[in-house]
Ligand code: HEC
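Before any questions on how it binds or moves, here is one chain, the form predicted alone, in structure tokens.
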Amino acid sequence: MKKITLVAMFSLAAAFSVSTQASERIGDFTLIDNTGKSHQLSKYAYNKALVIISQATGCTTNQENIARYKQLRTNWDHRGVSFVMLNSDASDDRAGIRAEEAVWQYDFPILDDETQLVAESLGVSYAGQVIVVDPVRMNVIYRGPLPAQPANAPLGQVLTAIVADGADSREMETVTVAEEAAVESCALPFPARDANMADVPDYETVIAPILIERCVGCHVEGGIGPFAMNSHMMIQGWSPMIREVIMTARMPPMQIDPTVREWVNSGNISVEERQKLIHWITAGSPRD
């Protein structure tokens, strides 16, 4: 089975809007969870799927569905499916995430998406949204709410399809299920994205100074970096790689979790700088 049949989906979708499109590709990423553990999407490649549950502190949708999240995990984790939560609320921080877990006992790793860049890449729009990703082929194959009937609803059908022998997510369509009530209850604003896409960061006054401060010490002619950041054309050509190494926290080197300890010589790059760089690249790495 490679294609997902949608007849049953639409018969169950009275309260939802179900749509499909060609399988959506995403890039690799690395985030730190509430316990300080690092998670990289590509390192889940031993699984057939990764289920990502969007979470926000105080979101009643999350709090009311804890038992159902755990039941979903029980139903699927022995079949090659892993589960994490993703906190992308711009108003949350690591301390707040830990406090929420201490009270509600989600018992899932809660990844801290402080830049919101991972949520943007996954198409997350509200807490309580469920995303299913193939961590090998980096495809999104489901995006929507946790259904009342997980075995028969679109989410259950997608998981059944991806764990089947010989399943190939490249031949599946991305299933998106919209639920207006869920969006309204725990909607996530994306202020940095909206601001930066409405007024793309200027290369000369914003982007170049960030690169000079964070990258050019190594990325010069004869330096230890694999290419020299000596022109806009060079940076534009390497933009996909720049995006990848920022999203996976491989560059700048020596990044240290600031919630553990501050180091004067760490390579940490600020949330705002990462957002500006990635949004500039998303806009096409323009010169003007």
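We number the residues from 1 along the sequence you see. From a predicted model like this one, the values you see are computed outputs, not experimental measurements.
We do not show the form predicted in complex with ligand HEC, though everything after this point is about it.
K.L.:
I need to confirm a contact call. Of G58, G27, G225, G237, which residue comes within 4.5 Å of ligand HEC in the predicted bound form, counting heavy atoms only?
P.N.:
Residue within 4.5 Å of the partner: G225.
K.L.:
Select from the listed residues R68, R250, K43, H232 the one whose heavy atoms reach within 4.5 Å of ligand HEC in the predicted bound form.
P.N.:
Selected residue: R250.
K.L.:
Only one of these stretches, 109 to 117, 85 to 93, 214 to 222, 131 to 139, has heavy atoms within 4.5 Å of ligand HEC in the predicted bound form; which one is it?
P.N.:
Comparing against ligand HEC in the predicted bound form, the contact stretch is 214 to 222.
K.L.:
Does I278 reach ligand HEC in the predicted bound form, with heavy atoms at most 4.5 Å apart?
P.N.:
It does not: once ligand HEC is placed as it appears in the predicted bound form, I278 has no heavy atom within 4.5 Å of it.
K.L.:
Is the gap between I32 and ligand HEC in the predicted bound form 4.5 Å or less for some heavy atom pair?
P.N.:
Residue-level check for I32: no, no contact with ligand HEC.
K.L.:
Within 4.5 Å, heavy atoms only: does I53 come near ligand HEC in the predicted bound form?
P.N.:
No, I53 stays farther than 4.5 Å from ligand HEC in the predicted bound form.
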